[in-house]
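Single chain ahead, written as structure tokens, the form predicted alone.
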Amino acid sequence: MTARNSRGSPFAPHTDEETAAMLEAVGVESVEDLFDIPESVRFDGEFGIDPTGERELRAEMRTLLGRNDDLTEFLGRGHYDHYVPSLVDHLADRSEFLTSYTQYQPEITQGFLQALFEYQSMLVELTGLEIANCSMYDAATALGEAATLADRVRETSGSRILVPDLMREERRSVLENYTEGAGLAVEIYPHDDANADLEALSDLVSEETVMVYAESPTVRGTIEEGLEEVAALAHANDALFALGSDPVALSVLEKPGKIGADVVIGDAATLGLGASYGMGLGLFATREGFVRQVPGRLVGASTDAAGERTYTLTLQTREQHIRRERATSNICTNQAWVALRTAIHAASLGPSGLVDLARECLEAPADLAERLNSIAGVRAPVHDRHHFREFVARTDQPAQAVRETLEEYGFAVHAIDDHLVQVCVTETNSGKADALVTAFREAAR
């Protein structure tokens, strides 16, 4: 190893002499003096990572990845795998789009800004609301921002946020983190056969309620049928109604803006990204009256001095850009590149292609549930509703045992209760449905 790399870091390749000169310049004796890291959390040891050649490293990674189970996933519950056309990679990977810096400057980034404007326009059309921002981290952060927006615009001393009991725990946890600092309380309303229990919700909602949240499709894949009633209950108490969904489902469902939604949140990464099990793309749309309360950024269209159509960031309500007391959110970045991928994927499908994809998401689970229901010891779907992408099945055998047996046959499903499993089917795994049914028949014995 050369003297330049003697400190062992390829990211700070300074010689000891260079480091000493910099420390002297800032007036400290050692690198450790630059940082205030408590002893209790300071790592004091060796990472044990030996220098490795590229060929050896590739071989090691192949061995490591080979330890993963090679399963066909029918998982769902927030992560949905759709086929992403290769043109998405080819266009999104162009060098003018790949940058570590956010595209602020309209004089050099018209292409990216136009793509984000198109993304916003797509969400406006799908949600029926007037305003959509150019992305957030994920659906959970978008929901948290919806709650704090409701708290700002709702003229009440109340602090209650009502959410469904079948909501994903991870999403609710992020919401609770968001609302704790704002002094809001997250409370749960029950479901009846995987749709909102409207009578129970009516008893819970009051003038103290700031926002009522519902999802369609629900976490169990059911289409929520009482959204207009949920919206009416919220509005009767001057609360906001927020709906969670995704762009594929919205292409065949009634526009949320028409049925009373004030805010629509969700994960738009169902287009353009595939199942990533971590990375998301939070969509956020709302009414024009709340435009100055919208978190994140808005890309707007205008006309330059030469009369040409132009795009620019027109609104950023975070404290780096406006006075702190007027900031509505401190979200400092977004998912611009993922939003670009979503916009490309949606544009490649077009309106009819998006609807065709959504129809597959309605038909495939209905067909698979019917076939599983014909197996002795299996009842599917558990909920007598229309489903989108996924459904819950009840098994006489313990759900965990069924899940493990299916794994032996090469399939992954969720066990969500003692005798409940959840199955998700899209165009990417529907070709393995026959084999899954055969495996289910063995698992249900």
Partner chain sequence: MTLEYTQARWNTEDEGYEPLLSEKNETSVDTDDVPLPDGLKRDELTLPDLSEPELARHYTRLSQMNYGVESGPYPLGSCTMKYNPKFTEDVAAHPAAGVHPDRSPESVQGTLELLARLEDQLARIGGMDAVTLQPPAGAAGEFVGILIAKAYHESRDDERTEVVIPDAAHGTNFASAAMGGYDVVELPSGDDGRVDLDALEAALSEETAALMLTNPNTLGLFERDIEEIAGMVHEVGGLLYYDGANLNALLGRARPGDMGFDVMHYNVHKTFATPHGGGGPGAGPVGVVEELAEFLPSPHVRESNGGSSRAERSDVRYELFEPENSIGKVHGFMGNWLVLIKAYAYIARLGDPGLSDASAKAVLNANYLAEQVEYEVPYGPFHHEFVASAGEQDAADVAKRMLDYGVHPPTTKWPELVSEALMTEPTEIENRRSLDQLAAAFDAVAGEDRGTIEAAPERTTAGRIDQTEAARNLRLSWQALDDDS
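C-alpha atoms forming the largest set that superposes within 1.5 Å between two forms make up the rigid core. Because the structure is predicted, anything quoted here is derived from the model rather than measured. Residue numbers count along the first chain shown, from 1.
Below, we refer to the form predicted together with its partner chain, which is not included among the displayed structures.
Worksheet item: Among 135 to 143, 371 to 379, 232 to 240, 207 to 215, which stretch sits within 4.5 Å of its partner chain in the model of the complex, heavy atoms only?
Response: Stretch with heavy atoms near the partner: 135 to 143.
Discussion item. Can you work out whether V153 and its partner chain are in contact in the model of the complex, taking contact to mean some heavy atom pair no more than 4.5 Å apart?
Written reply: Answer no; every heavy atom of V153 is more than 4.5 Å from its partner chain in the model of the complex.
Worksheet item: According to a 4.5 angstroms non-hydrogen atom cut-off, is L126 in contact with its partner chain in the model of the complex?
Response: Flag for L126 set to yes.
Discussion item. With the partner left out here, check for me: in the model of the complex, does some heavy atom of D396 sit within 4.5 Å of its partner chain?
Written reply: Outside the cut-off, so no.
Item to complete: Please run the contact check for K432 against its partner chain in the model of the complex: heavy atoms, 4.5 angstroms, yes or no?
Response: Flag for K432 set to no.
Practice prompt. Enumerate the residues of 143 to 171 that have a non-hydrogen atom within 4.5 Å of its partner chain in the model of the complex, in sequence order, or give none.
Written response: The stretch touches the partner through R168, E170.
Fill in: Rigid core superposed: E24 CA moves 2 Å or more between this form and the one not shown
Yes: E24 shifts by at least 2 Å between this form and the one not shown.
Fill in: Rigid-core frame, C-alpha of D36, shift of 2 angstroms or more between this form and the one not shown
Yes.
Item to complete: Note yes or no: does the Cα of A59 move by 2 Å or more between this form and the one not shown after the core is superposed?
Response: Yes, because once the rigid core is superposed, the C-alpha of A59 moves 2 Å or more between this form and the one not shown.
Worksheet item: Since the CA distance of R55 and D93 differs by 3 Å or more in the model of the complex, is it closer or farther than in the form displayed?
Response: Closer together, by at least 3 Å.
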